[in-house]
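Next up is one chain by itself, shown in structure tokens, the form predicted on its own.
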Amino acid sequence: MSVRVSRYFPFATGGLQSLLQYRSMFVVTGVTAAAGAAVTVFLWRAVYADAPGGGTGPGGFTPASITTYLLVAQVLQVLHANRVDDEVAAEVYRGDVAVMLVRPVSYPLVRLFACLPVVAANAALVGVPALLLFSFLVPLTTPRPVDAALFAVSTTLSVLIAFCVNLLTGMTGFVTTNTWGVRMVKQSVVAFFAGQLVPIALMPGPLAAVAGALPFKGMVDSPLTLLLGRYDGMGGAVAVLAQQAGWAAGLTVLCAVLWRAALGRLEVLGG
């Protein structure tokens, strides 16, 4: 098993080396993320400004907890931007995926290992600085150690769910020559139903039920539910993690099945 896994390490290190060649990209991503977070955070802080005595407002959030929710949601969105959908679609379009198929490796696993440095770099170079910057500007909720640990586990599962969603999006390149529209629709649907733009706790009942039945909830709302301690005892926390793990496993199986089916449609032109 270790020998098989070691086959994919060069793809991870190669991805990191390629990433570090474009360090200015992190500056642009950081500025964009900070600007988006500032608009969202200060807009919602205005909504909760009239909460009596700084107490709980709509959805059971306090001004500090809604700020923490929205800010960390923006950071999670940065972690989920692993470029897998874009790169898979481009390789299918160019026919480069044919070269990968002759190698003794699994292409989906290659993509997984290649995206890990992207996630780690975005966390270290964009997510942490953004949190530190806003911690000086607005009051944030300090999580309990157990909630922080649960959040770390949940975030790992959310990254895996995001990878599967992006891989499935990129695989649409097998049936269409341009995935730009598909990726735009995916980003909008995920941002809304994951609870990134509006916390699911603030959605109307039927809409919240739809969001709760989709896997996107596990990308943003579930980690933040654990971070803010908005769960019913340890049983509630386990239920949140179990739902995330179930979606991660289900999407992994779906990716494997659709990948095998997609290979039957692959057409590579040129010489």
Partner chain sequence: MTRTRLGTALWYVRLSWFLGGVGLHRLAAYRLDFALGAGAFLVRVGIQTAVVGLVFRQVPAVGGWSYHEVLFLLGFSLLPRGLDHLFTDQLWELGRKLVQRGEFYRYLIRPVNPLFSLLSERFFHPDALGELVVGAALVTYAGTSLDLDLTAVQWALAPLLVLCGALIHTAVKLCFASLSFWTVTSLPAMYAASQVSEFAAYPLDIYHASLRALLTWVLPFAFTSYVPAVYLLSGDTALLGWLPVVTALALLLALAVWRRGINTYEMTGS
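Being a predicted model, the structure only gives us computed values, none of them experimental. Positions refer to the first chain, counted from 1.
This protein has a second form, the form predicted in complex with the partner chain, left out of what is shown; the following refers to that one.
Q: Tell me whether 35, 44 and 188, taken together, all sit within 4.5 Å of the partner chain in the model of the complex, counting heavy atoms only.
A: Yes, all three are in contact.
Q: For the chain seen here without its partner, which of 158-166, 192-200, 145-153, 109-117 has a heavy atom within 4.5 Å of the partner chain in the model of the complex?
A: Partner-contacting stretch among the options: 192-200.
Q: Whether residue 39 contacts the partner chain in the model of the complex should be assessed with a 4.5 Å heavy atom distance threshold; does it?
A: Answer yes; at least one heavy atom of residue 39 falls within 4.5 Å of the partner chain in the model of the complex.
Q: Does the 4.5 Å heavy atom contact test between residue 184 and the partner chain in the model of the complex come out positive?
A: Heavy-atom contact with the partner chain at 4.5 Å: present for residue 184.
Q: May I ask you to check whether residue 214 falls inside a 4.5 Å heavy atom distance of the partner chain in the model of the complex?
A: Residue 214: no, not in contact with the partner chain in the model of the complex.
Q: If we define contact as a non-hydrogen atom of the residue within 4.5 angstroms of the partner, is residue 64 a contact of the partner chain in the model of the complex?
A: Result no; residue 64 lies far from the partner chain in the model of the complex.
Q: Of 31, 234, 209, 242, which residue is found within 4.5 angstroms of the partner chain in the model of the complex when only non-hydrogen atoms are counted?
A: By the 4.5 Å heavy-atom cutoff, the listed residue in contact is 31.
Q: Would you mind checking 146-183 for residues with a heavy atom within 4.5 Å of the partner chain in the model of the complex?
A: Result: 176, 177, 178, 180, 181, 182.
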